[in-house]
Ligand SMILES: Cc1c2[nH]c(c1CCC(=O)O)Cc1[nH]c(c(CCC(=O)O)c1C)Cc1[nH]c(c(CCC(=O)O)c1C)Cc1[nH]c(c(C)c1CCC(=O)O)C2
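The chain that follows stands alone, in the form predicted on its own, written as structure tokens.
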């Protein structure tokens, strides 16, 4: 896998073109996804290794991307620790037993590898199907993001309860974050042992935090996680919404790649990062709704901006939206694969 475009770019080696994969590339914008989803609940899909492999392979077979990403969810760690997790169409994830008191936090388990074994099993099935053609990315949710779901009991627009915990009871917040971080290290190392070729840490709600709060309640735990990974030959990607602001801090944790949102000039931020840290991104996913000539122009504009830079993986600034036309995504991948520096 070291010779694959994706791994070479992740380790800042020279590539003839930027590799491409897209966050949420195996998802609701594909009719083939719905053909599977209509027969199973979301968690059933995650927990059945064969079905998880089927979904993981959809963008490999239908889009021809340069890296696959394990089909799973960032909240499986929260469930394994004791969260009563469900997913409802149109509502999203819910924890029926939110974590809000010291007793709630004390009750969360941290030795949960056996409860996540289905993920290792899925990785083995996926790697058999990939048969060495492209790398497989594993992933986990960052502690702050997982914590926000556990505390709020689901998605939140303002993270009010989470922020109250951070500000009024920081010791409890740190106790909870430390537990999630321990589980996350073990979980990512399990994925590495099972055969993933790279890992990404998703801090999906980091942009809700101020600089000081991000430093105290997110950054230090991501640092702990990356420091604890068995990362020999395994590139580590750090992603957060808000990376255009937090990238200098993110670099201190020594990831191989920082995934950048679309609010910043990618070359400018790369120049400000330490030598040897690659960047991933950063097309605004809304561009994929636009006319094909616009899609091509924006991709070429980004690529020309990054010309001559090693360590660049094409991705979106966040995930594909469910109603983006499949043909537009496929066209974008074709444009990228035709490009040469």
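Computed from a prediction, not measured in an experiment: that's the story for all the values here. Positions refer to the first chain, counted from 1.
Absent from the display: the form predicted together with the named molecule. The rest refers to it.
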Report the residue, out of 239, 217, 187, 246, that has at least one non-hydrogen atom within 4.5 angstroms of the named molecule in the model of the complex. 239
Just one of 139, 262, 95, 118 has a heavy atom within 4.5 Å of the named molecule in the model of the complex. Which one? 139
Answer yes if any heavy atom of residue 298 is within 4.5 Å of a heavy atom of the named molecule in the model of the complex; otherwise answer no. no
Can you work out whether residue 292 and the named molecule are in contact in the model of the complex, taking contact to mean some heavy atom pair no more than 4.5 Å apart? no
Is residue 221 part of the interface with the named molecule in the model of the complex - any heavy atom within 4.5 Å? no
Answer yes if any heavy atom of residue 318 is within 4.5 Å of a heavy atom of the named molecule in the model of the complex; otherwise answer no. yes
Exactly one stretch in 104 to 112, 177 to 185, 70 to 78, 191 to 199 has heavy atoms within 4.5 Å of the named molecule in the model of the complex; which is it? 70 to 78
Using a 4.5 Å cut-off on heavy atoms, which residues of 18 to 36 contact the named molecule in the model of the complex? 23, 24, 25, 26, 27, 28, 33
